[in-house]
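Below you'll find only one chain, the form predicted alone, shown as structure tokens.
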């Protein structure tokens, strides 16, 4: 990362051992920040994966890991007062659209209550310069007006997961309005890459191709996703972190959707393996297409993605070979 900083600048990252959080921590350390990471290592997927993902940061003297749950108000308050961060990047969340349909209460508890706890604590501490709340393209639901712009109503998500993400965006605005907090909501679009969550299609399909498994292709394979390489997403995140806007919502997406069939062709090419495909029914919580308008990110952050999907998926495959086989 090119973004440089003073060593005294501390960034608090929630969900630091997760997919994006672990990548972000290393990028921030490389850029010269001190990083305090919070994670509860929950069992949505194997906690051992998270332990391995955050391990490279543990030997860095500018990194500190705090094992706690953001729903624990007293522990969270103590952590922020001890860390004394200049910036906060809030990634911690339950993040599975289909599981959220089956268990909405857990998603409300983690994603909404946990986020309010964090906002309250930041308000009480009072000296955080800027907070990033990581939201999701899921807030747009099946909005037919594509590419999706941040000005859309985003009031018809298909999953309780998307509903919780949109709810926290609204809470963020309320905290900005009432207490003057700087909060930028970043709507991530289909992030993939190293340390990928195991429940995401790029990971599952990579695993199937490399281990002789079956690819489950939902519907006719025509649904499209705006797959965005994690390195590009992190670069945009760090740029947004250092630019307080008061309250703002910004898309971070690749601006080049691929159908599931097209994605499979890319993965077959980079793995050199022909897929064994089985059709399955589509989930009602799955949107037909995600497609980010990134005009605002270009204007406000000077950001746009630079990693072609073919290159990014090749990096995912190489990481998988080195870490999951």
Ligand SMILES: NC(=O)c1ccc[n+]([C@@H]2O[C@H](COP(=O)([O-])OP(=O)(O)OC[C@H]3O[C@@H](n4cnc5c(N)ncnc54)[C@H](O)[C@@H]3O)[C@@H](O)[C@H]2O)c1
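Note that the structure is a prediction, hence the values are computed from the model and not measured. Numbering follows the first chain given and starts at 1.
Omitted here: the form predicted in complex with the named molecule. The next part is about that form.
Asks: Residues 10, 26 and 63 are flagged as a possible site; in the predicted bound form, is every one of them within 4.5 Å of the named molecule by some non-hydrogen atom?
Replies: Looking in the predicted bound form, the three residues 10, 26 and 63 all stay beyond 4.5 Å of the named molecule (heavy atoms).
Asks: Only one of 143-151, 235-243, 170-178, 91-99 has heavy atoms within 4.5 Å of the named molecule in the predicted bound form; I'd like to know which.
Replies: Looking at the other structure, the answer is 91-99.
Asks: I'd like to know whether residue 136 contacts the named molecule in the predicted bound form, with contact meaning heavy atoms within 4.5 angstroms.
Replies: So residue 136 counts as contacting the named molecule.
Asks: Going by a heavy atom distance of 4.5 Å, is residue 159 a contact of the named molecule in the predicted bound form?
Replies: No.
Asks: Even though the named molecule is not shown here, does residue 125 get within 4.5 Å of it in the predicted bound form, heavy atoms only?
Replies: Looking in the predicted bound form, residue contacts with the named molecule do not include residue 125, since no heavy atom lies within 4.5 Å.
Asks: Hey, in the predicted bound form, does residue 84 get a heavy atom within 4.5 angstroms of the named molecule?
Replies: Residue-level check for residue 84: no, no contact with the named molecule.
Asks: Of 78, 210, 108, 200, which one comes within 4.5 Å of the named molecule in the predicted bound form, counting heavy atoms only?
Replies: By the 4.5 Å criterion, the partner-contacting residue is 200.
Asks: Sort through 69, 289, 293, 262 and report the residue having a heavy atom within 4.5 Å of the named molecule in the predicted bound form.
Replies: Here the answer is residue option 69.
Asks: Select from 246-270 the residues with a non-hydrogen atom within 4.5 Å of the named molecule in the predicted bound form and write them out in sequence order.
Replies: Read in sequence order, no residue approaches the named molecule (within 4.5 Å, in the predicted bound form).
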